[in-house]
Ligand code: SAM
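So this first bit is one chain, no partners, the form predicted on its own, shown in structure tokens.
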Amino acid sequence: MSGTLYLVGTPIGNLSDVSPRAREILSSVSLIAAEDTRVTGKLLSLLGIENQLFSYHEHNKKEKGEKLLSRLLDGEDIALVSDAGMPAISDPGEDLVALCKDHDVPVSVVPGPCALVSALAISGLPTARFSFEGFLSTAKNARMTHLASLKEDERTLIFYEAPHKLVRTLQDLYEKLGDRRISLVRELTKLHEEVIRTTLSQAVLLYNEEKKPRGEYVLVLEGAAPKAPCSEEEGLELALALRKEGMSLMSAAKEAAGRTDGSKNRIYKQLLDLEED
């Protein structure tokens, strides 16, 4: 019988946020797979926990993932942690979880602090629907393509960013997505926790002229403004254009209704009347 992989949430700043269950699991497993063993070693020392640490990160995840899987299949229980927060979220732990799934190895979660959800909660922006976008690519083309795909997204958007890349990211967000509300959340749960609620244009000015970026940031960005509903006439015009492209009567009516919030049956009847004439 295989062991269990435990995904253990660790504090993102305040040590008091570690849960009793997290302490128990970190103490009892055969080993702890950590993104940076030095960071996790300090945490374990502060918690008074002694256990074996195993390096598992973005640059060794393929080789080390197979070794961790082998030990799990041999019946060992293993905990996976990131440097802070929940592992497997914008983190190589995602690959290890997938590997366990493919080999029917049980995976259990020990919930804990999560920077993206915490930042969203205190952002002052809509929380009902959101999209976590992680870190933007440093490659310009991939970065611009990613941002272009988000231009019409009405959900609140959440990004992680390092201080040395913050100014460039704010400028790219402003240029590609336009001016909209943003909350810049830094140093969550730490002594210098800060939330700046402003707009993209003002944030660009602030960090270009007055403020030096410090600490890790979570950027919570307002989604695109909802599109105004199209008129029924516009729906019919779109359906006619789709018909000229070779789409069937019913498909054209359905597609036009979906794009314009019109009535599929009304658009279909109007198309039918026009074609019969």
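Counting begins at 1, following the sequence as shown. Worth saying up front: this structure is predicted, and the values here are computed from it rather than measured.
Another form, the form predicted in complex with the ligand, is not on view; read the next lines as being about it.
In the predicted bound form, no heavy atom of S183 sits within 4.5 Å of the ligand. The closest non-hydrogen atom of E161 lies within 4.5 Å of the ligand in the predicted bound form. Contact check for V218: a non-hydrogen atom falls within 4.5 Å of the ligand in the predicted bound form. When the ligand is considered in the predicted bound form, G85 lines it closely, a heavy atom lying within 4.5 Å. For the ligand in the predicted bound form, the listed stretch (76-84, 140-148, 102-110, 173-181) containing residues with heavy atoms inside 4.5 Å is 76-84. Looking at the ligand in the predicted bound form, residues C114, F135 and K190 each place a heavy atom within 4.5 Å of it.
Only one of L200, L120, I89, V97 comes within 4.5 Å of the ligand in the predicted bound form through a heavy atom, and that residue is I89.
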